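Given next, in structure tokens, is a single chain: the form predicted alone.
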């Protein structure tokens, strides 16, 4: 395959830039809910995406037919598209550390060493065990994996072979008592193999979900107020990905995001450093690991906020050229037939030096929040996230568990109130995908991860009136 693509690079001789991206993906998906099999399948698809830049115009084409003549036709289609788009002004690609060689993550116990039947039995048995608890009225268990093999070649020097392996395992339980219902979730996501995913055993996940759901059924709702809160790494991850990370993507900056024009300005507390990294930092196997992006750029560590000061946006090669900086390796395409977009990888706040117990002991009145379960954000970085568990803190001690809690605020204002950063670090967003695109119908999913340490800050707690 590499030799075939290498020989085809000569077809780009009369354009400014050409790119060939071969991508083969094997997907497995298994879902069981209420004892019923909802999905169980394995698919393989492959093809080549072609991008061309000529006199400021881009062209894109793709084909699933991997032979020389069909690939030539796809190249000519992309070239015609670039030329037909007309001159839109000079497009200068930013400098980049172009990848050469083979790139593969560390894989402990390959997924292919475990049969489809084994994976199906694990999902079935885990869902059945959770449903056996008397207070659990609904249970769902889901397993999926994506195994990728890519070759990326560009006319300016990228020659990369990339291997990737991303499994996930999700368990959801709903408990009920009379007319009251609560939901509890545990999810695992990783880049790596079977043992890299199951650092927490499925039986342990069952016990956690069943107990959390039982405890939440007995919990009261909080009052709404602005309060001191300590966010766990999962909620920190959701905050920095959804409300902070997206406005740092350079295409959104160019479209007028709230971060536009703020390089060099203070946007967070001086004890906050925010990073987006291709490799897994502070531990291996984060779910959003990207070793080489889909423009053939080595995906390194990008410091977005350093000691509270905004230092960098996230770039592909075109936006890097516009801003006059090197590419950060954030161009990602979901499949061969997709045009790369600027996407996050592993986004996190770096750990500090505080113990969680010490952070709690200094709070007279506040909340310890654990377990993000999604929410909403807008273009102004306003957010509202639902929280699985909220514990009252009174006079430096953990108090009662509360339920139905939401946290909200303006993300940058919240980061400016951070007065303590914990030293315990964890990724917590590796399961599921993040969507992005010009419309919902054209949105591309991407596997990402996000996390950090425990953070103490100020936010609005929402509860039942």
Partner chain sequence: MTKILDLGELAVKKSLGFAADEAEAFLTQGREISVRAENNEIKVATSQVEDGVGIRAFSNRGLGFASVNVLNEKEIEEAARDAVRLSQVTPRDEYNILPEPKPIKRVPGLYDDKIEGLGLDKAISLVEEMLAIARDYDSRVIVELATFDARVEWRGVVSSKGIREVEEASHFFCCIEGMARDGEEISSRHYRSNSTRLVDEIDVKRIALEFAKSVVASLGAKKGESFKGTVILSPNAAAELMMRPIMHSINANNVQKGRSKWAGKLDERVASSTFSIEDNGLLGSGAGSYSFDREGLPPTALKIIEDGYLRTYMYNTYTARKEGRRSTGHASGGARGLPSIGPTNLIVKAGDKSKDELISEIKEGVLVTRFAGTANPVSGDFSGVVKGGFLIKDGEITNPLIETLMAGNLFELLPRISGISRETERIESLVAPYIRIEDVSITSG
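In this text, all values refer to a predicted model and were calculated from it rather than measured experimentally. Residue numbers count along the first chain shown, from 1.
Another form, the form predicted together with its partner chain, is not on view; read the next lines as being about it.
The partner is absent here; in the predicted complex, the one residue of 196, 164, 77, 186 having a heavy atom within 4.5 Å of its partner chain is 77. Scanning 247, 371, 308, 81 against its partner chain in the predicted complex with a 4.5 Å heavy atom cut-off leaves one residue, 81. Stretch-level contact check against its partner chain in the predicted complex with heavy atoms at 4.5 Å: of 393 to 401, 406 to 414, 419 to 427, 56 to 64, the positive one is 56 to 64. The closest heavy atom approach of residue 379 to its partner chain in the predicted complex falls within 4.5 Å. Proximity of residue 362 to its partner chain in the predicted complex falls outside the 4.5 Å heavy atom cutoff. In the predicted complex, no heavy atom of residue 284 sits within 4.5 Å of its partner chain.
Looking at residue 336, you'd find a heavy atom of it within 4.5 angstroms of its partner chain in the predicted complex. Residues 438, 439 are the ones in 416 to 439 with at least one heavy atom within 4.5 Å of its partner chain in the predicted complex, listed in sequence order.
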